[in-house]
Structure formats: C-alpha cells, structure tokens
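This document starts with one chain, in the form predicted alone, laid out as structure tokens.
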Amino acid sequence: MQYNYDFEIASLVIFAVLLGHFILIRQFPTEQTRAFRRLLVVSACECMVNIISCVGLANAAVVPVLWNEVFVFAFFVLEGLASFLLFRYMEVICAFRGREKRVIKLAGILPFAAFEAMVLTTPFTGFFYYFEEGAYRQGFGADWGYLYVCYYFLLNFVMIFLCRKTIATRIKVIVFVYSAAAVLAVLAQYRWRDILLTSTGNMLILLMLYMAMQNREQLIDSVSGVANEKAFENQMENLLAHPQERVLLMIYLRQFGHIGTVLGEESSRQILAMVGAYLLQLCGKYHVFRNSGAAFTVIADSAEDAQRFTEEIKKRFAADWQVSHNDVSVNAAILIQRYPQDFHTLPDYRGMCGYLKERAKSAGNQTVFRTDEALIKKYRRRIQVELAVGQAIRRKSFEVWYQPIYSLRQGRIVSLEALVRLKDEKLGFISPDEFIPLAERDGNIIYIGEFVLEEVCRFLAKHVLPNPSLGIMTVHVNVSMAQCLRKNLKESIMPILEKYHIPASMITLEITERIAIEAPKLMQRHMRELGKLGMAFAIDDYGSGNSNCSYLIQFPFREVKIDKDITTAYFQSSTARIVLENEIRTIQKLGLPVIVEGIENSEQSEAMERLDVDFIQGYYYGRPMPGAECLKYIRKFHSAPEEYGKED
C-alpha cells in the first residue's frame, strides 16, 4: 500500500515547534507540566516513527525487512503509550481522590497493559500486523487499535463529566472539542487507511491543550512579575502529592494599605514589582509566588536556603525602597512554616498563615515568626474552639448564666448580668475570654448575641415577671460590635422582647467604648431609637481603654461600669486610687449611676460604699450562676445577708 503521509510531516513540524517552545519558556515544574512533557515527547516520537516506517515500507525493495519490522513495532508501542499518556494528563487535571482515583487509574492502566502485551506478542501471533515476503500486512486484530484509541477518548470524556463541578468551563469545552475532532480523525483513518491522520489528530489535541492549559502567562502575576496564586496552588499540589522536606516563607507586607493611601495606587504597584524582582533574584524563578494582597511566598528547598533567604530579606527590608523619588519604608514580617513537620494540607498551611498574620499585626518590630509545637498547639486549639462554637450555634447548646448586681443604696440585689457559657463534649468548659473573640472575628457573635437575648427574655418571662418579690428590675446584656454595626439593631431586638412580653425597661444593653468609636453616628441612632422605647445603655469596661468623660457627654448612657482591672489597681496603687476616685466623682456629678466590678471581699465593698458608689458586682455578692441556681441564691441572699458571697 502506498501511504500519504503529508499530514504527518506537517504535524511533525508543529510538534517540533511546540517542543522547542516548551523547552525555551521553561514551564513550572508541576505534575501537570511533567505529564504534558511526557505526552508531547511520545506523540512527537510516534509521528516521526510513523513517517520513517511509511517511507521504509514504500521502499521495501531497498530497506531491510528487519528495519521495517523494528519501526512498525515501535510505532504500535508508541501509539498505545500516547493514548495512555493523554489519559494520564487528563487524570492529573481532574485530580481524583480516594476510591474514585483508584477506579479511574485501573480503568486507564488495564487496557494499556493489555494493548502493549498484544503489541509485544504480535511479531509471533500477527495480531496487529505481519510481514509476508517482506511486505507489510494488517493482522486480524488491526481494528482493535482503533477501538483502543476511541476507548481512551471516551474515558477522558467520562473523567471530565465526573469532575464537571470542579473543572473550569473552558477545559470542559476543550476536552469535548478535541474528543470530537480526534474521533473524527480516527474514523477518517479507518475509512481511508492510506492517508495517515493519527499523529495529526494528536497534534491538534496537544496544540489546543498547550495554548489553553499550559499557557505559562496564566501563572504569572502581572503586577509583581512572579508566579501567581494559581501557580502556587499547582506547586503545592505537587509538593503534597510527592512529600519532600521544604520550608515556606511568607513575606507579609504589614501596613501596605497605608502606603497606597499616602502615595497612591501606582506607587503601591511599583513596590510590589520591586519586591517581586528582588525575591526572584534572591530565591530563583520557580520558588517565588505572589499571594492575594500584599504577601509573597518563597518555597525553599532546604533549611539552609530558608535561613539564608530570611537573613537577606531582613537586611533588604531594613533599608528603604526608592519609589517615585521617595524613600519608602516597607514593614515586612516573615512567616515560616516547615513541610511536612508543621502542616499536611493546603488549608492547614493557609490557616496557620492567617494565625501568624494576626500575631504579626500586633507584634511591633518583630520580623520573623516561626511555627513551633506550642504555636501549632494553640492554633489547633483555636480550630477546635471554632468548631465547638459552630456546633453550639447549630445545636443551640450555649448556656446563659447570671451574676448579681448589688445596690448599696437599697441593700439588695436589684439587677443581673447575663453571661454566655460554653461547655463542649470533647473540650469541656471553654472560657468566654477564649471563644468570644473568635466568634467576633468570624461573625458568629451575632447569632450568640441573639441567642443570649432570647434566653434572657425567656428567663424573665418564666421566673422574674411572675415573682416581683425577687426585686430584679433589669438584666444587663452585652451587645457586640457586629450587632451594633447592623443598621437594624432595633428590628433584631424588639421582636424577641415582644415575643415574651418583656418591657424594654427590663433590658440594659452593655457596650464598650470601642463600639462607640467605631460608628458613633450609627450608635447614637441606635441609642435614641431604643431609648425612646425605655431601654437603657451602659458603657462597659470603663477605664480599660481610652475611656473618658467625652463618651459620657456624646452618648446617652444611663450607667457606667468600672472595669474590674481598675478596681484591682485601686486597692494596690495610690495613683490608681486617686484616678478612680476622681473618675467616680466626675461621673456622679453627671448624674450617672456607677457600677463597680471586681468586688471580692467586705473591705472592698466598704471602700466603695464610702465613695458613695451606687452598685457593686463581683464574687463577694455572687458568682456567675445558671438561672435556677441564681434564683435560689437571690432568695437565700435576701433572707440571710450574713452569708453574702459564701457558696452553698
């Protein structure tokens, strides 16, 4: 048979161009890149061997039969391998896991092993081909080769379908298009066997894949010139799939947003470009990545490299950066994690980076932050607490405890403060000081605040309103920053009170000065709206931050709570004593009741009484207790005043 291999020659030229370009631009060394390189090399070799084989068969009179047998055999081996490697490339892209991965792998390997076994035995069995008097003949199983190729195209289609929710639309379109084109090429080859189209179909497939999925520019950050977040994720997938010891350094540019505000966006971009160029020069082309925002990651091959990079980066950031004729100081923190000692998954790495960033923001001039066992333990504890908070929200398993507030003027308990408590099945009791900041950080504090208010209203409706002899006039409920920053604070509170028929005057909302500072106009509106309905506001933790009388003038507070740390200092320092006494007198002159927290013994109580303080809260007048226990305590307290503060 006289073969027409013009299409194969054209395909070989394009293969050569692709291979040359692939080598010159140096793709990122990922598993996907390695899979594509193997596929490209084998497909080019298949095309070349096919052409040589056809030339030899066309000139069988002068070409030794042994040579023709070798080249035909090599072509069939490479043809089977090329189809399998295309499957492997798609398998890497789909990134199957677990049982699904094992099933897909078997579905790819078994036909390949069977095909190659038949190729190896063909010289003896004549299954795919045989030579008769030096002439090439197709064997009785030649058509199986076409079915084999079509099988892998179908398998690739199935893989993309299984991953349709995670694979990008453009990749799905490419796979569907090349599958259709390849099947048409196989059918055309089957129909016109003298026209060689096998390698042409492969070439078109690889050309589309190369332009769309191996485009290196898609992995480069246009601002800094280093690899982008997608390239980093690809590199991490490769690292996690083939565990090797590495050290990751995140260079986090602290207060970078301030630079943009002062110097403008263009100067910010220049700094990112300069930092990127510096890190590339120091660490190498495939080791530097820009993450979202003002953070770069360097993947060091060894601890020695990581130490050298760290020292050099510290020196460079200790000096200024020249930007638009300005000397700019860039405050950078270096966050260091080791693999696999410190993390095993990408989410673990990102989570620890976030944790280290939080520490870096409040660490002053400290530059280097390394993970260690203690830090990892704290981070994992935080994750556990966050999960416990989420579970408690879903199950509504928080508890509301109450701490008495004692009136020195009336000589009795007149109010309670509602305090949220969390007890987890695995972690046990979790301190509010631990879980409240985490809930504030992720927004769960809103759900906790609403839960506490509803529990308080249920408690009031069931136990307090029907028993006026208890003498409880109000319950203090803490309101978070997240709740106050919502424009509909009144709409989120009043329906709960109305549901349980609770007068607004029985609820006092406690807020901190930080909330008042964050959104003063919005907070004033909330206080006016709820104040008209009879609800009172108290400023909590007064004296712990920058609290001063200006807040009492600016906002319509009805009570002031002195922070317990200030109370402790009062009894330990003469300076603190002078400050607190002056603060109390000033607040009293403004006509606002004072609640002093942290009173733990009779001497402290008597000292506050001499200062004419209105209310006292502390262990001396009762610890935080569950609702039923608190009611029992109040009854006993009023009937047996000599047992103030003593436990049952």
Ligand code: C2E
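One rule holds for the numbers: they count along the sequence shown, beginning at 1. All of these numbers come straight from a predicted model, not from anything done at the bench.
Below, we refer to the form predicted together with the ligand, which is not included among the displayed structures.
> Partner absent here, but in the predicted bound form, which of 223-231, 86-94, 414-422, 529-537 has residues with a heavy atom within 4.5 Å of the ligand?
Answer to the contact question: 414-422.
> Identify, from the list S268, S480, Q337, T508, the residue with a heavy atom within 4.5 Å of the ligand in the predicted bound form.
Filtering the options by heavy-atom distance leaves S480.
> Only one of I104, I313, I436, A392 comes within 4.5 Å of the ligand in the predicted bound form by heavy atoms, so just point that one out.
Looking at I104, I313, I436, A392 one by one, just I436 meets the 4.5 Å heavy-atom criterion.
> Could you confirm whether D342 comes within 4.5 Å of the ligand in the predicted bound form, counting heavy atoms only?
Heavy-atom contact with the ligand at 4.5 Å: absent for D342.
> Look up in the predicted bound form whether V42 has a non-hydrogen atom within 4.5 angstroms of the ligand, and give yes or no.
Although the ligand is absent here, V42 would stay clear of it in the predicted bound form, with no heavy atoms inside 4.5 Å.
> Does the ligand get within 4.5 angstroms of any non-hydrogen atom of P432 in the predicted bound form?
Judged by the heavy-atom cut-off of 4.5 Å, P432 is in contact with the ligand in the predicted bound form.
> Is E79 close to the ligand in the predicted bound form, meaning a heavy atom pair under 4.5 Å apart or at it?
No - in the predicted bound form, heavy atoms of E79 and the ligand never come within 4.5 Å of each other.
> Quick one: name the residues from 583-614 with any non-hydrogen atom within 4.5 angstroms of the ligand in the predicted bound form.
In sequence order, E597, G598, I599, E600 come within 4.5 Å of the partner.
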